[in-house]
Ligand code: HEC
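Single chain ahead, by itself, as structure tokens, in the form predicted on its own.
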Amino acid sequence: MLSKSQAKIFFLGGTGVFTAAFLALTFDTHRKVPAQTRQANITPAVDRGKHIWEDNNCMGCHTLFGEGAYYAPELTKAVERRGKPWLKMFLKDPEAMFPNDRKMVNYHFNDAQIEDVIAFLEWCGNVDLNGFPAKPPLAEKMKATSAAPVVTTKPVPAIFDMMACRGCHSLGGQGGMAGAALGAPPLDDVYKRKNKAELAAWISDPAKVKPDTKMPKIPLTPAQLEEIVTFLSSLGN
């Protein structure tokens, strides 16, 4: 049983110890902030992108760093999941890529604004968040696989990566992160499933072939479409 004076000393001593610990941890946290937030990578474009994010109340639908609304996808790792080319096309006209399936407003951003928004999202994705957001635990099990990934020496057309095809579909065992949960098939043996005409029809307007598909309509010129179709059809040769 403590005496009154001993209890007072115990209380004041404990308060002092925990206050000192709290201040030390606070100081340590602030000391680490510049490195963890990649402060050196905050460029004028990142700053402008942040203002665009705030001015258009993007957090009213999306979450960022786990904060915001849950109506639309979490965007902390958006650049890692989708890639810059995909995001550029989507921000240009969300409805065009997903006809009758996207509720996102078309803000009619110009090219410079789109670049700034992507720069901001890329910076967000590189912040050290101690593993947040966590990788979906079943992502790899849900990912479609092919029996024998193609090992090809054929050069992959620039348009294939520019249009972020590999963001959803895997090829040669690489890519497919964004499409894993959607069951987007690998493209190693797509030439066995579809001939050139079928590939062209599918890629040019997926929803016309399969109305409930999750694959977006990618804006391609006839020459770009022919280049991708020819490449995919040649994988078996």
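None of the values given here were measured: they were computed from a predicted structure. Between two forms, the rigid core is the largest collection of C-alphas that superpose within 1.5 Å. From 1 onward, residues are counted along the sequence shown.
Quick note: we don't show the form predicted in complex with the named molecule, though the next part is all about it.
**Q** So in the model of the complex, is the named molecule close enough to R193 to count as touching (4.5 Å, heavy atoms)?
**A** Result yes; R193 sits at the interface with the named molecule in the model of the complex.
**Q** Would you classify T29 as touching the named molecule in the model of the complex, given a 4.5 Å non-hydrogen atom cut-off?
**A** Result no; T29 lies far from the named molecule in the model of the complex.
**Q** With heavy atoms only and a cut-off of 4.5 Å, decide whether P185 touches the named molecule in the model of the complex.
**A** Within the cut-off, so yes.
**Q** With heavy atoms only and a cut-off of 4.5 Å, decide whether N57 touches the named molecule in the model of the complex.
**A** Yes, N57 is a contact residue.
**Q** Mind checking whether each of F98, Y107 and H169 has a heavy atom within 4.5 Å of the named molecule in the model of the complex?
**A** Answer is yes for this spot.
**Q** Counting only non-hydrogen atoms and a 4.5 Å cut-off, give the residues of 204-230 close to the named molecule in the model of the complex.
**A** Residues within 4.5 Å: K210, T213, K214, M215, P216, I218, L220, I228.
**Q** Following rigid core alignment, is the displacement of the R31 C-alpha between the shown form and the other one equal to or greater than 2 angstroms?
**A** Shift of 2 Å or more: no.
**Q** Core superposed first: is there a CA shift of 2 Å or greater at T221 between the shown form and the other one?
**A** It does shift by 2 Å or more.
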